[in-house]
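Here's a solo chain for you in C-alpha cells, the form predicted on its own.
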Amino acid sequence: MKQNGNNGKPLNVVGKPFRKVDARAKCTGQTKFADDIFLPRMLYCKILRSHEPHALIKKIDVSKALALPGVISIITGKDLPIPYGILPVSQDEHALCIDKVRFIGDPVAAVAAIDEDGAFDAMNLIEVQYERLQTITSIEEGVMIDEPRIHEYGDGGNVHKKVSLEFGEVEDGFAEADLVREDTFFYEGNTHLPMEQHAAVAHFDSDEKLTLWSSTQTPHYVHRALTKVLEISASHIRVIATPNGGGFGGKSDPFNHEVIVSKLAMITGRPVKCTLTREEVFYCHRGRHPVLMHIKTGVKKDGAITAMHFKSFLDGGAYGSYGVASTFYTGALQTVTYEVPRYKFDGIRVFTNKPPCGPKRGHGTPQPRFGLEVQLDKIAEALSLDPVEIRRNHLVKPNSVTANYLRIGSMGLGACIDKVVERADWKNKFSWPVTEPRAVASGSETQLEWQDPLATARGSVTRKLPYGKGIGIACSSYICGAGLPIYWNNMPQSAVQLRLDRQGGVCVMCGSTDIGQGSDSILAYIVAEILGIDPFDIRVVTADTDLTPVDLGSYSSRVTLMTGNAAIQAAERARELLTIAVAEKLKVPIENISFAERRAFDVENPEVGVSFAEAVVLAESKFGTIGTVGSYTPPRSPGKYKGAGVGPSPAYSYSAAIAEVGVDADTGMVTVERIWIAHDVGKSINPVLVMGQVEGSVYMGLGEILMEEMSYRANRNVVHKIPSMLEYKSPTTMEMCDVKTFLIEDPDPNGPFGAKEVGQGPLLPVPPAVANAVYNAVGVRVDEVPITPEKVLKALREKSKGRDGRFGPESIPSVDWPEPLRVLTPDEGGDGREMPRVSVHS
C-alpha cells in the first residue's frame, strides 16, 4: 500500500526518535509564552466577572474605578456590541455582557491600568446592579423549563440543539436480535487543567494595525472573530499564537479576554496584557460536557450487533461554543469500531447557568465510548462470552463504509486487541465475577470459588484473581481531522510554504499551533525526510497570520495528517526543482537523483553528487528564488444527509486498553495498578513522541475515571465548588499507574508516510477499561464517571442487600424527539442522502 511521501524508499528521519525541535528552548527557559511578553508602556487588564448565575444587568457604575490613580480606561458591553462565537450557528457571546449575565464568571467590565494591582483594585470598585432570574441547573431542568430562556435562539425553550437520525430500520434490527439490552450512563463534566493559564497581549500601532499575541490553539479563528467584533479590515489584524503551555481543547474558542485587550489597545494606544488567574480559567472552562446517555442494543447469540439506538443529553452550560458539533459527535463514532448495521441517534444539548462546555481531548466521544464499552461487557456476560471475543469477532472491516456513511480506511484494532491481550496475560486472569465468593482449600492454598448465576450456561467457575483484584478491557477509535472546516468552503484546511536560500537554509512556514503535541517537530521531520537533510537544519515558523499560510488550528487531531500532507507536497515540489538542476549539472537522468545526508547524488554512483547547499544554488540559478507551497483538503464524505459533516475523517485511529485494578471493599478506594494499551498510529513519525502522547492520554483518562469533575454547590447559585488546583483533584505521580505501551503500525494511504492521529484517541478506552475492571474485581457496576469511593461503597451496600449492586442514573428526561431523518444504509443501496420523513420501506 502506497502512503503519501513514501514512494517505497528507505526512511532516514521518519520513524526515528529525534528530540523535539523546541525541546532545548523549553528545557532551558528560553521559550517565551504569552505571559512572558512585556512591551514598552504596557497596561494591565483585569476583568470584572458576574457573581450572579442568571440576571439582567440594570446598571453599571464605573465612576469610582475611573477615579483611581493609574487607571487609564474602562470598557463595558456597550463598547463591544457585536456577538461572536466559534461556530457560525452559535454566535451568542459578547466580549462583555451587555444586558444579561448567564453564569457566575460571565465578564461584565474590563479595566486597563498601569499595573496589575491597580487594575485589580479598580475592578473591585465597579458597581453593578442585577435583577436575578431563575437559574437552570441541570440537564433535566434545561429540557423541562422553557422560561426564562438563557438564549433567544436554539430549538425551543432552553434547548440549544435537538437532533434525530436513523440509518436503516432499527426496529427490524431489534426484532432480529436474540438479546436486547438497555442501559443508562452518566459522564460528569471535567476541565482541561493546562499548566499555562490563558493570556493575551494586544498592540495597536500608529498605522492602525492590531497585533495580538495569545495562548490559543486556533489563531485563524481568533483572527476571524477579531475582524468581526472590532470591525477592522482582516488585513490590518495579525494574530500570533505564542508557544502554548497546554491546551487539550481549552484554548480552541475565541475568548473574551482576547477581544477585550485588543479593544483596550485600540482605545488607549498602548499595549495591553491580560493573564487569567487559575480560578478564571475554571470559569472560562469549555471543558468536557456532562452527558447523560441511554443505549439500547440488540445482539445475536454470538455478540453480533443487529441494531443500536443511542440517546445523549448534554449539559452545555451558558453558551454555544462547539456545542452543536459536540452533540453530533456524541452519536457519530459508535459505528467505526464494531459492525452496527442499523443505527439510530437522538441527541439534545441544553443551556444551563454553568460555565460553558466545549471541546476537551476527544471532543464529544469519551462519554459515549464509556457507555458503549461498559454495555458491551454487560452483554458479553449475559451471553457467557469473553469480553475480548465479543469485540474481536465483530470489528468493522477496513476499507468499508459504515451505516452512517463514515468511510473506514486502515483498521488496526484487531492487532491492538491481540497485543494487549497477550501482554496482559488476559486468558490466565479473566473470569466473570459472580454473586458471592466462598473460600475453599486447594492443597496448601486457599482459593475463592464463586457461585455463578449463569452456571447452567458455563458451569462451575473458579476465580482466577482474588476478590478485590480485577481486569477489564475496552476499545476505541478517533478521527484524524474533521472532514469539513468550521466555516464550510472549498479552500484547503492546511497549507505550508517552504523557502530555500542559497546557503542551503530551509524555512518551513505553517499556520498550525504547537500545543505541546510536537507539531512543529512533525513539520521539520517530514520536510527533512523528503529533502534529505537534518531536521535541525530547518527553521520552523508557525501560527502567525501575517507570515504563515492558513491552518485551521490544533483540534480534532488534525495536525499531523493535514499539515503533514501539506508539508509533503511543498517539499516534493522543492525537491523536484532541485532534482532538475542537479541532474543537469551531473549529466545524469532525473530519476537517478536522490537526496540524503545533506547531499544530492546519483544513486548508481553515490560518490557523484553535490551538497544540499550547492543543489539549492544550482536550482536558484536556473529557476530563480526557490519557494514552494503545499496544501491539503480532506476527501469528501460519502454522507449527504444533514449532520453528515460531523464524524467523517480522512482516517481513523484505533486503540485497545486493558486495566488491572485493586478495589478495597472496606473503603471503596480504586487503585489502577497497570494499564496495557496498544494504539494503531498508522506509522510513527517519531515513536518516542507517539508513546508520550499515548501515555499522556492514559494519565488524563485516569483522572477522568477516578476523580476529576466540575462540581457545583447544591443550591440555585450554581457556584463552582472547586475552582483551584488545590481542590480540583487530578492524578499526581502517586496515582499514575504503570503503563505498557505498544504502537501498532497499519499505514493508512491518506496519512503522511501512513501516519494517523495519536493526540486524543488513546484516552477513550481508559475510563471504560477501568470501570469494567472494577466490576471484575468486586462485582458491582458504577455506571457513572468518575468512579469515586463513595459510589463503589454505595453499590457494594446495595449488593449486600440482595439488589443488583449498581450505582448510576436510573432514568432519562422525557423528550419530544423530532421524526428522525431517515437514511438508507449502504447495504440497503443508499447513496448517503436523507429520505422524506416516512418509513424507509414505504
Partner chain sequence: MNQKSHISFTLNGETAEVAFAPHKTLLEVLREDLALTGTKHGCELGECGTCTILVDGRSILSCLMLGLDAEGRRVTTIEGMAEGGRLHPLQDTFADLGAAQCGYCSPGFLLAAKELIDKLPNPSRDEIKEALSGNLCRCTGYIKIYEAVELAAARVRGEAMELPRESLYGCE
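Numbering follows the first chain given and starts at 1. All values derive from a computational prediction rather than experimental measurement.
One more form of this protein should be noted, the form predicted together with the partner chain, which is absent from this view; the next part is about it.
Undergrad: To test your reading of this chain, name the stretch in 795-803, 51-59, 780-788, 34-42 whose heavy atoms come within 4.5 Å of the partner chain in the predicted bound form.
TA: Looking at the partner contacts, the answer comes out as 34-42.
Undergrad: Between the partner chain and 187, 344 and 347, in the predicted bound form, does every residue show a non-hydrogen atom at 4.5 Å or closer?
TA: Negative, none of the three is within 4.5 Å.
Undergrad: Hey, in the predicted bound form, is residue 730 touching the partner chain, heavy atoms inside 4.5 Å?
TA: Taking the distances in the predicted bound form, the answer for residue 730 is yes, it comes within 4.5 Å of the partner chain.
Undergrad: Determine whether any heavy atom of residue 319 comes within 4.5 Å of a heavy atom of the partner chain in the predicted bound form, and answer yes or no.
TA: Residue 319: no contact with the partner chain in the predicted bound form.
Undergrad: Consider residue 166 of the chain shown here, and say whether it contacts the partner chain in the predicted bound form, taking contact as heavy atoms within 4.5 Å.
TA: Answer no; every heavy atom of residue 166 is more than 4.5 Å from the partner chain in the predicted bound form.
Undergrad: How about residue 708: is it within 4.5 Å of the partner chain in the predicted bound form, going by heavy atoms?
TA: Taking the distances in the predicted bound form, the answer for residue 708 is yes, it comes within 4.5 Å of the partner chain.
Undergrad: Just one of 211, 73, 631, 197 has a heavy atom within 4.5 Å of the partner chain in the predicted bound form. Which one?
TA: Comparing distances to the partner chain in the predicted bound form, the residue within 4.5 Å is 197.
Undergrad: Among the candidate residues 102, 192, 203, 257, which is the single one with a non-hydrogen atom no more than 4.5 Å from the partner chain in the predicted bound form?
TA: Of the listed residues, the single hit is 192.
Undergrad: Scan 738-774 and write down, in order along the chain, each residue with a heavy atom lying within 4.5 Å of the partner chain in the predicted bound form.
TA: Going through 738-774 in order - heavy atoms within 4.5 Å of the partner chain in the predicted bound form - the hits are 739, 740, 741, 742, 743.
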